[in-house]
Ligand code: KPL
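Encoded as structure tokens, the following chain is the form predicted alone, with no partner shown.
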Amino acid sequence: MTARWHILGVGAIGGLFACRLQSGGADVTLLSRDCEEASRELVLKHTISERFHFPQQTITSNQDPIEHLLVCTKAWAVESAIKAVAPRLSATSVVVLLCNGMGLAEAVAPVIGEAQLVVGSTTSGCRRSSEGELIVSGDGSTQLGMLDSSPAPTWLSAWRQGVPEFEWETGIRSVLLGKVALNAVINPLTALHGVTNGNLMQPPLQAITEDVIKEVQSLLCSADAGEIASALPTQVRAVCNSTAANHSSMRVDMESGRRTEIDAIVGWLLSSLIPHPPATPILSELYDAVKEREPEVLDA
């Protein structure tokens, strides 16, 4: 039986995974706030250019029930977006969060009722061109899992067939914590200084990058996540070098005058990782600086 997936948040990453799941054999429908057309075409450019066609529905549509929901919205929009489609969820539904940041699962759990909640992380790179095409900058790897360390479910066929370097991870919280630590170093610095990722490994920003790494490490160690802390410097260097010409999503959001995901990344580390965090003056200053640059009227 063909798995049916609905995609909520069809930006670059949401569009990429819509194409990947369709390639893996899934029946994929796109969800939009205001769709005037019943179908939509996405053009995916990687080694070749491919065109994908999808049925499209509004998020408030009361059409078919949702069996599998993939959520790729911005972190701050996750809860409100899922509330809009919650009437179409049931105890047999699966909700997959593939979003930046932490604390999202806890916010969403009361909204989805008895539906199964899965969280994930991806290092796939994709951006939308000025013509609306999806430009893939790297296949990356993708991991899904449940916070209670449950074993792999039976509905992963389309993920295994369509998503490069995919795996089910029983220790998914550590994966998410490692990614949020990485993003806490790279994203605010690139956004505030208006630079690409590679610039963080060069003067004059190399010194402050290393200082921020140390502060994030102190937070992780205080939370008994020493292994993640030890790996952080190497991971930051590797990502900055392999994506040297890339613009972080936070930089793109800030330069576009949109709300950033600073609360779900740095804000979560500072206030929710542990009850009594150590002093992190530089990271705290970066958080405040990003918040000051956000628009007064936040987009929804």
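Think of the rigid core as the biggest set of C-alphas that the two forms share within 1.5 Å after superposition. Fair warning: this is a prediction, and the values are worked out from it, not measured in the lab. Numbers follow the displayed sequence, beginning with 1.
One more form of this protein should be noted, the form predicted in complex with the named molecule, which is absent from this view; the next part is about it.
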{"property": "Heavy atom within 4.5 Å of the named molecule in the model of the complex - residue from V96, V212, I186, I172", "result": "I186"}
{"property": "Contact flag, N246 vs the named molecule in the model of the complex, heavy atom cut 4.5 Å", "result": "yes"}
{"property": "The named molecule contact at R128 in the model of the complex, heavy atom, 4.5 Å", "result": "no"}
{"property": "Partner proximity in the model of the complex: K179 to the named molecule, non-hydrogen atom cutoff 4.5 Å", "result": "yes"}
{"property": "L273, heavy atom within 4.5 angstroms of the named molecule in the model of the complex", "result": "no"}
{"property": "Stretch in contact in the model of the complex with the named molecule, which is absent here, among 203 to 211, 83 to 91, 159 to 167, 186 to 194 (heavy atoms within 4.5 Å)", "result": "186 to 194"}
{"property": "Within 92 to 116, the residues that have a heavy atom no more than 4.5 Å from the named molecule in the model of the complex", "result": "N100"}
{"property": "Core-aligned C-alpha movement of Q56 between the shown form and the other one, 2 Å or more", "result": "no"}
{"property": "T29: Cα shift of 2 Å or greater between the shown form and the other one (core-aligned)", "result": "no"}
{"property": "Large Cα shift (2 Å or above) at A244 between the shown form and the other one, core-fitted", "result": "yes"}
